[in-house]
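Heads up, the chain below is alone and in the form predicted on its own; it's given as structure tokens.
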């Protein structure tokens, strides 16, 4: 990992029309753009660790990141997957707590960290911006609540189907409109789906034999989206 405040993507993190910052005034954007640091991470580098203290709002401007919590016996549970332009670790920041999870890049990534004091200054002076952040937090809470229920009540097939649909919704497809645009290890797929790696491998093979998906290394090609959605619904 190394620092550089000249990354174009970090500026886009504030100016991107899909970002909550897009509606800010030029003066407010200036406050934020003058108080941030940018970092570049290689694949599988730690962005923050459980127990670390948040120093600012982390914006993922390029790449893909997994957020996970280590459980009993060191087993990981992936609780979120992030894409640009998205935030990670913001719950701990606003709660004035240390991180309760860890974040690792799953491909080469860039993040910018917006200074907490500067961010709070803008929030206090802009009610609409504050409401956008509240909305973001509320949606994240709703997603977490839903995942908690499904990962504990669905059968293995339903859990893995849901995870694949989640990856499609988050990252989309490659140009062929069939290959999921993120390449996770079988272990990561298992950690995302609350199952063992061996169960993930067997269930993927079962989906492939049923021609719901096709496998090419870490690439997962969706062959029958409706059937995948049906498996998810049946749980």
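Residue numbers count along the first chain shown, from 1. All values derive from a computational prediction rather than experimental measurement.
Omitted from view is the form predicted together with a further copy of the same chain, to which the following refers.
Put simply, of 194, 179, 39, 35 only one has a heavy atom within 4.5 Å of a further copy of the same chain in the predicted bound form, and it is 194. The listed set 165, 104, 156, 133 contains one residue whose heavy atoms approach a further copy of the same chain in the predicted bound form to within 4.5 Å, identified as 133. Only one of 179 to 187, 22 to 30, 201 to 209, 65 to 73 places residue heavy atoms within 4.5 angstroms of a further copy of the same chain in the predicted bound form, namely 65 to 73. Although the partner is absent here, residue 87 sits far enough away that none of its heavy atoms falls within 4.5 Å of a further copy of the same chain in the predicted bound form. a further copy of the same chain is not drawn, but in the predicted bound form it has a heavy atom within 4.5 Å of residue 139. At the 4.5 Å threshold, heavy atoms of residue 97 reach a further copy of the same chain in the predicted bound form. In the predicted bound form, at least one heavy atom of residue 124 sits within 4.5 Å of a further copy of the same chain. Contacts of stretch 145 to 165 with a further copy of the same chain in the predicted bound form, defined by any heavy atom lying within 4.5 Å, are made by 145, 146, 148, 149, 151, 152, 153, 154, listed in sequence order.
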